[in-house]
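Take a look at this single chain in structure tokens; it is the form predicted alone.
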């Protein structure tokens, strides 16, 4: 579904992505891991065409993004849904208005059809219609994630992007969100890309894992392949151990 070829991106003297090659399979959950500051979110933004690379290309469903003009690029982005780290709901809007927002902006559905779609979406993410009148401030962290996901899938995207979906959640709610991702994948048959630091969650949901390190994909493979790797950098990361070099920086 997504093919990344020779992607390079620097911000000033800082090289973030360094001749990166990577394939994201169709209809699967791919989880990208790596230390903070390694460029995971930058990579995600390239996939949506929000950032242009210094060189290289991103091909989404057969279309090379950076050959498109601005209008075509905006149209292409409609096949993406994004669940932001903190859900990024509009505080001044009700849950209904938050979920309906992309439908109002980017569809020709009537008011009644939008209401039907929002009701279907809130049910799909396991919530009751009573929450539709509430504001984000009245919701728990887990509930906000669910509402954010409902909004992300409102336009029936082919690709779902999750930026640290379990950050800030307790272990029980983390498990709930993991099951939500799996159930959404099962029901919608989309291609999912997840950025995560939560290793237990990674193993729970991933079909494929990729580790970003020093601007390149250090390794990609199945959860079992990562569990059995002999690569010390990957083992230290998965086991939560700092390297000697990192400790020197303290």
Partner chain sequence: MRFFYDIVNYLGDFFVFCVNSFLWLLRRPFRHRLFIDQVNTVGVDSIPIIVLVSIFTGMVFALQTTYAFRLFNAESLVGATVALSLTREIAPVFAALMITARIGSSMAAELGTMKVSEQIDALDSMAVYPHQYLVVPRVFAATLMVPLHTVIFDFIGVLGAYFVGVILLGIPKGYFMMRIENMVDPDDVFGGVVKAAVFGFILASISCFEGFRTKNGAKGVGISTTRAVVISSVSILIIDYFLTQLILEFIT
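Positions refer to the first chain, counted from 1. The shown structure was predicted, so the numbers you read here are calculated from the model rather than taken from an experiment.
The form predicted together with the partner chain exists for this protein as well; it is not shown, and the discussion that follows is about that form.
> Kindly confirm or deny that 160, 185 and 203 each have some heavy atom within 4.5 angstroms of the partner chain in the predicted bound form.
So, no: the whole triplet misses the partner chain.
> So which of 115-123, 175-183, 72-80, 138-146 is the stretch with heavy atoms within 4.5 Å of the partner chain in the predicted bound form?
After filtering at 4.5 Å, what remains is 72-80.
> Indicate whether residue 107 is a 4.5 Å heavy atom neighbour of the partner chain in the predicted bound form.
No, no contact at 4.5 Å.
> Taking the partner chain as it sits in the predicted bound form, is residue 85 in contact with it (heavy atom to heavy atom, 4.5 Å or less)?
Yes, residue 85 lies within 4.5 Å of the partner chain in the predicted bound form.
> At 4.5 Å between heavy atoms, is residue 93 in contact with the partner chain in the predicted bound form?
Yes, residue 93 is a contact residue.
> Find out whether any non-hydrogen atom of residue 89 is located within 4.5 angstroms of the partner chain in the predicted bound form, and reply yes or no.
Residue 89: yes, in contact with the partner chain in the predicted bound form.
> Heavy atom within 4.5 Å of the partner chain in the predicted bound form: which of 199, 68, 59, 50 fits that? Just give me the one.
Of the listed residues, the single hit is 50.
> Counting only non-hydrogen atoms and a 4.5 Å cut-off, give the residues of 133-151 close to the partner chain in the predicted bound form.
Result: 151 alone.
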